[in-house]
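There is one chain below, alone, in structure tokens, taken in the form predicted alone.
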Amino acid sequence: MGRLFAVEIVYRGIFQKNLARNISRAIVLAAHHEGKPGISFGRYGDSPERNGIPAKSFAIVATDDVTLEEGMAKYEPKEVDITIVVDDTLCKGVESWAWYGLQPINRLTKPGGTLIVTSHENSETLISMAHRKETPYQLAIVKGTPSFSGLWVYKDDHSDVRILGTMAKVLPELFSLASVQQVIRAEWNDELKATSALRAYERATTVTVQPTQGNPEKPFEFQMPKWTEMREGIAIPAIPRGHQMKDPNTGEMGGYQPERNPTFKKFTTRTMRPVVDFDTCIKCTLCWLQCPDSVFDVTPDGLYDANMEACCGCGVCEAVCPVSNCITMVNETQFADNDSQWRMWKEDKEGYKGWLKEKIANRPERSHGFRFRGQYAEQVPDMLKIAREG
């Protein structure tokens, strides 16, 4: 039996589907140039694609046809040589709403394998976001803003070819830079893209992530019932009614906190989260009324606290809030937990004020979605500058 190579591309459903498809297809074509058969495919079955939901594409390559057939028989690889992450917020873990809990981003990365992440962040930040792994692995960063190239628009910022150039450096046994550039010239007919792959190849470096590094928390998980444990007939238990909230300072009960599905969580969809200035809130109720996922809890003092396990980061609350900077969407990489902001404010208002000021002052640009026609086109020159100059 020969050598089997496996690569997974983790992306955000719809937003980055074209990007993931371009990368997985080019991997196989580059390998073909060196006489290696391969196949690329998307993850279907119990993983529906919706806006922002973590999704996967795979590329499987082998040194011979028999080995490829053996790899294809498993459908999805149980471990991969390279995990490609085209949005750094996915480093916190992924949950497609059908994987039975939160999956660490490095779960399939084999010992000594490589995690390639598109990000402006440094290695320390990305390592702290990813869950710990029992064996060492490598981390490589492709500098750049996450490329949200969706079905309706393709932001041609060279993210795809720069990732391919990085792959040629970190796993030369799979394919060479020359093969990648051949594919780029044939598929994209763009010499600048071939140069971008070369620049990425030249700059690519890795750091070793040890088992003692990363997020030590145990990822959220749950077990589906066995068929022997299921009740007769088809019945879906209703979510219980909500309840009042307790003020952490006074113990006063009041407001309203809806019960939420204990297994259906949406926070891995989020690339941004709302931060709330409770001191300027006028209690207009618009965020609570307009939130499409009923994220806001009504507190005993009549304020509105966003439940971060239910929030998908759509930004509607920021858009409808009539008070300037009362609700501000901030990049998800700036946060390490899903704790209640209202409780933080109640327990230390001055400390919360400083925390809020820091988050808003240092917030990166909006991570996805366009607010006016032509916004993506305006961003492309900056992306290409990063591709050329690093």
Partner chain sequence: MTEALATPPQKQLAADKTSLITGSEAIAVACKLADVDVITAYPIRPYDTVMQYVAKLVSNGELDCEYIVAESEHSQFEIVKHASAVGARVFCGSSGVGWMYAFEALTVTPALRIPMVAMVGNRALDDPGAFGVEHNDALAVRDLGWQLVWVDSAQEALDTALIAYRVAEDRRIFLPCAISCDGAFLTHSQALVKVPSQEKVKAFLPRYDRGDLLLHPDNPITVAPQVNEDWLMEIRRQTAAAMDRSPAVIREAYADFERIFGRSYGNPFFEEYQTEDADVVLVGMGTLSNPVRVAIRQMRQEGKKVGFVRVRWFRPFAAEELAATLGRFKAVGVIDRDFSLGSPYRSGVLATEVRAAMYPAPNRPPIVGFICGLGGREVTVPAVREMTESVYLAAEGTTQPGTKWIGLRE
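Positions refer to the first chain, counted from 1. Source: prediction; values computed, not measured.
Quick note: we don't show the form predicted together with the partner chain, though the next part is all about it.
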{"property": "Partner contact for Trp188 in the predicted bound form: the partner chain, 4.5 angstroms, heavy atom", "result": "no"}
{"property": "The partner chain contact in the predicted bound form: Phe220, any heavy atom under 4.5 Å", "result": "no"}
{"property": "The partner chain contact at Arg231 in the predicted bound form, heavy atom, 4.5 Å", "result": "yes"}
{"property": "Contact flag, Met253 vs the partner chain in the predicted bound form, heavy atom cut 4.5 Å", "result": "no"}
{"property": "Proximity to the partner chain in the predicted bound form, single hit among Pro216, Pro225, Gly112, Pro172 (heavy atom within 4.5 Å)", "result": "Pro225"}
{"property": "Which of 188 to 196, 232 to 240, 163 to 171, 127 to 135 sits within 4.5 Å of the partner chain in the predicted bound form, heavy atom basis", "result": "232 to 240"}
